[in-house]
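For this one, two forms of the same chain are given in structure tokens, first as structure 1 and then as structure 2.
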Structure 1
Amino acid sequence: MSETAPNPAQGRDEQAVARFVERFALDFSEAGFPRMAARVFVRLLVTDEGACTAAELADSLQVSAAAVSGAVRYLIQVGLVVREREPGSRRDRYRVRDDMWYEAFAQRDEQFLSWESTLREGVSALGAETAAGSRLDETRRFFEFLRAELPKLMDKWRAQEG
């Protein structure tokens, strides 16, 4: 799968697609996403099937299989990609979920709860009256707010998409 030649059969310019993949991946990495995971994620987004094997990803991104392996492990961990295997096949395929953003954000509830608990410990250790303790408590309250509001926002999204 070459990224350098236009593909008239699919009606798209693969050079333009490759530029988009790199640009959007750069946007993700500037926001803190690991660079290779960002490239793999965006590459999956631009496939019509939303899925590729590790070999296809390595070929299209011109990287090693090891680089793809680490990237997909991260993407699976954060809930943006799932691993699947066709019956009888020995190759895994990595797929972006249709509802990937919803699921990625909806799963944050447990993470926010954990952070809130840890932050409470930090406030207790530092003292709520100290500047550092106050800063940690504000952070805890922010995550508490997000945890309370996120389900409402997700419901609005589902209603809009429904």
Structure 2
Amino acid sequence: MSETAPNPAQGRDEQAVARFVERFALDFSEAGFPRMAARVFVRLLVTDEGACTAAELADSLQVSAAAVSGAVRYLIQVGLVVREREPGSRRDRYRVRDDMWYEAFAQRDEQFLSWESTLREGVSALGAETAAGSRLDETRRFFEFLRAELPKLMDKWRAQEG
């Protein structure tokens, strides 16, 4: 069967790639991810090296250096991207992590802890013996459950793929 894939000899279809970048980035931003960070992240995903310089990102996405700076800071903070300093050059490279999906979930962990803490305050304000307090405590236990189970799930993924 002949594929619809691009002819490697002619290089890839950058227009189709750009379409994909915008589309997948939009998917992400609809899930609550900052828009520019999503675009930068997907741009990194579609490079063979899995890494770019800020200038390359700014050029391929047609955005300012400032926008790239903010986006990579966010991506590094949430653990999806690492910064690399090349010894022979003064420009940084930004690389998607090999274990990015593992990291993405590990990060959630801290969020759950914080939510559990907030929920404990809620239970205390309502009274643990009330129906509302009990519901809130169940919610807290749910996040506790996720915090225990998600790492196991990621281990399973690693065992299967990583």
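By rigid core we mean the largest C-alpha set that fits within 1.5 Å across both forms. Please read these numbers as outputs of a predicted model, since none were measured by experiment. Structure 1's sequence is the ruler for residue numbers, which start at 1.
Of the two forms shown, the form predicted on its own is structure 1. Superposition on the rigid core between structure 1 and structure 2 places the CA atom of residue 100 less than 2 Å from its counterpart. Core-aligned CA deviation for residue 123 between structure 1 and structure 2: 2 Å or greater.
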